[in-house]
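Read the single chain below, which is given as structure tokens and is the form predicted alone.
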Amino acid sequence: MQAVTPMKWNFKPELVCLFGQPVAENPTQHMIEAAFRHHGLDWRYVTMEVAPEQLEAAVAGMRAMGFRGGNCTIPHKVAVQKYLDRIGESASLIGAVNCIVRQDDLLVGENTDGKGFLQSLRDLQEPRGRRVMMFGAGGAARAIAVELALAGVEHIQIWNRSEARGRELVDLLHQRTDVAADFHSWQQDAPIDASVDVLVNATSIGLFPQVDERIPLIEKDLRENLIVADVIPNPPQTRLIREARSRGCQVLDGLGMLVNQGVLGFRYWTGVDPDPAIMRAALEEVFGT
């Protein structure tokens, strides 16, 4: 009688995650899992709410449960660095981590935010020689500002409510890049200088559920030859994007940056180059755009 070879089953998917606070409005899971399905990967992406005081425990949990990596978002992009084994070159230069990658038994911090934004901008305009006005000085702002500087922008204005944090970013740019940069205190409606080519909202203003929150700027200064970019992915059509489009500006919504940085993270974790069209389509499905 012929022996029957037992069938081998594997019910254990590979795991990656997103943690931050808040995260319920973050659509990354839908985008990444659409790419997993498209490429036939038995992987799962889990979105988790993690308070700042639980950050160390969350990273320890990733280690203990064998996560292959993940993303971290506000407010953890700077603080998470001290709980990782190594910081990659881009994240070290930027001083913030948004992507964690398991390499053997090590958790390595990388940064894909700035590169994702840069790719979106290059779809409209080459950044070299341009002048940039940026709102915010947190993790996303740091990543975008550094990548823009390395790409050869001429000048970056940093507008931030906290002077200490804003000046810290300007100092970082001066120390690690050759770009000209200066700080502006953002206590009232900001004027947009006629020399500015690209305006970037790198704050959480307008993020769901505060969708009608207004960016404090002088709307009449928005003009047709200005590129206006918002890093907010939910909703993709923020109040700033709608206002800029109504005044004839070219606009970049947050979905482009989200897809582009997601492609880089997906490649880090799986070794597979994902189809960005699949990822963008998944986001457009969610938001009905």
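Because the structure is predicted, anything quoted here is derived from the model rather than measured. Start at 1 with the first residue shown and count on from there.
Omitted here: the form predicted together with a small molecule. The next part is about that form.
- The contact with the small molecule in the model of the complex, taken as any heavy atom within 4.5 Å, belongs to 162 out of 195, 188, 103, 162.
- Between the options 124, 150, 205, 118, the residue in contact with the small molecule in the model of the complex by a heavy atom within 4.5 angstroms is 205.
- Contact with the small molecule in the model of the complex, defined as a heavy atom within 4.5 Å, is made by none of 14, 59 and 109.
- Proximity to the small molecule in the model of the complex, taken as heavy atoms within 4.5 Å, picks out 205-213 from the listed stretches 205-213, 176-184, 124-132, 83-91.
- Using a 4.5 angstroms threshold between heavy atoms, residue 229 stays clear of the small molecule in the model of the complex.
- Although the partner is absent here, residue 74 is a contact residue: one of its heavy atoms lies within 4.5 angstroms of the small molecule in the model of the complex.
- In the model of the complex, at least one heavy atom of residue 233 sits within 4.5 Å of the small molecule.
- Taking the partner from elsewhere, residue 254 is found to have a heavy atom lying within 4.5 Å of the small molecule in the model of the complex.
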